[in-house]
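The chain below stands alone and is given as structure tokens, in the form predicted alone.
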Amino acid sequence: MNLELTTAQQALKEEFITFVRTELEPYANDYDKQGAIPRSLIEKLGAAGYLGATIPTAYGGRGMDQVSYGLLNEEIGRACSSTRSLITVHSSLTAETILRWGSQEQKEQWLPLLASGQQLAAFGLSEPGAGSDTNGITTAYEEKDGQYVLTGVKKWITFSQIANLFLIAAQGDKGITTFLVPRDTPGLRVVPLEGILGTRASLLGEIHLEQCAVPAANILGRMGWGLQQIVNTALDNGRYSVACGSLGIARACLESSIQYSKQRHQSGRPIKEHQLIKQKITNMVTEVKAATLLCRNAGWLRDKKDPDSFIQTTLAKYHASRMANAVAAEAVQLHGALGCHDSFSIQRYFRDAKVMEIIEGSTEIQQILIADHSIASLSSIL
């Protein structure tokens, strides 16, 4: 494994840093308070090609490799997890999954629109009674007159308030199947959700499907293979994005903590000179470095299309999301009262970090996957 960035990857990283510094970082706390990111930011993300980062240039994307895409998620996530959430659901969960499993007609219809940001996509898997337990999906499809009629409710759907296209998983007589459902489909309505702990600007909502009829051409992947093909692919893509986004949160906490430790004085000297502060910073640096290596390794394997990339991505998501929580908690402690006030970003990082342990498969789901895989083939993980 070569962990050194290529010249092209390093150039992209510098580009991401510049974008984040000028277009995102100064405004992220306001987006969190307002509970939304502005349309102008989405247009800038689209113009920069970040909404179609991994989509081939033939479809209007930038055709980035997975390591570069991980760097994008890390830098965006370092400033604003809500904006990183848009990239996760729009690009990782939906656009990349259409690219992998869509028909030629579906790719030509949707990918140019998604890559440019003219249309936004969201992923409809979770329901009021079914999250990680996909067998509990109750949203149903039924074939009628050559069409498929969808009925049910999807919940906790990120950016559903403004998405134009939904990838919906539904249960039926041929098993779980996934459908591409445009927002203007009769019978579809979105109910905004508020009061979320973190990533507050990610415009969550419920999708209500009441006798929504879509043509057979809107089935994504094989009939009855929605779980094996589409959901598993989408979640694998999403976990890589979330792992790298978690790394971004932790880096932001670490950088802020080092900066604050130089400025804050206690007992007549900067707190960076206190042993217990040095211990905190040492632990944070070590954890961030370990997560960096896991994320970089996952991206490298994904670029090689190595079969072990699935479990290595799971491992990266598991460690990075838990690590982000631990580092954010230490950062709040180090900043004291300032870490608890919304004039500082630390409290936002702390809230956003918790969400990372839940989305795209909870920590407990990752533990089951990693343990089962290790018992079956430890050499493929270590």
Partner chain sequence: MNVTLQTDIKSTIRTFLQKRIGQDVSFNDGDDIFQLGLVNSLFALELVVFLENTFDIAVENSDLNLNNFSTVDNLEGFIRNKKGI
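What you are looking at is a predicted structure, and each value in this text was computed from that prediction instead of being measured. Positions refer to the first chain, counted from 1.
Keep in mind the form predicted in complex with its partner chain is missing from the figure; the text below concerns it.
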_Check residue 174 for me: does it contact its partner chain in the model of the complex (non-hydrogen atoms, 4.5 angstroms)?_
no
_I'd like to check something about residue 304: if you look in the model of the complex, is any of its heavy atoms closer than or equal to 4.5 Å to a heavy atom of its partner chain?_
yes
*asked:* At 4.5 Å between heavy atoms, is residue 13 in contact with its partner chain in the model of the complex?
replied: no
*Hey, in the model of the complex, does residue 189 get a heavy atom within 4.5 angstroms of its partner chain?*
no
*Of 77 to 85, 94 to 102, 108 to 116, 256 to 264, which is the one stretch near its partner chain in the model of the complex, taking non-hydrogen atoms within 4.5 angstroms as near?*
94 to 102
*asked:* When its partner chain is placed as it is in the model of the complex, are 292, 297 and 362 each within 4.5 Å of it, taking any non-hydrogen atom of the residue?
replied: no
*Check each of 138, 232, 283, 164 and return the one that places a heavy atom within 4.5 angstroms of its partner chain in the model of the complex.*
232
*Considering its partner chain in the model of the complex, which of 193, 311, 130, 214 comes within 4.5 Å of it through any heavy atom?*
311
*Could you list the residues in 192 to 230 that come within 4.5 Å of its partner chain in the model of the complex, counting only heavy atoms and keeping sequence order?*
221, 222, 225, 228, 229
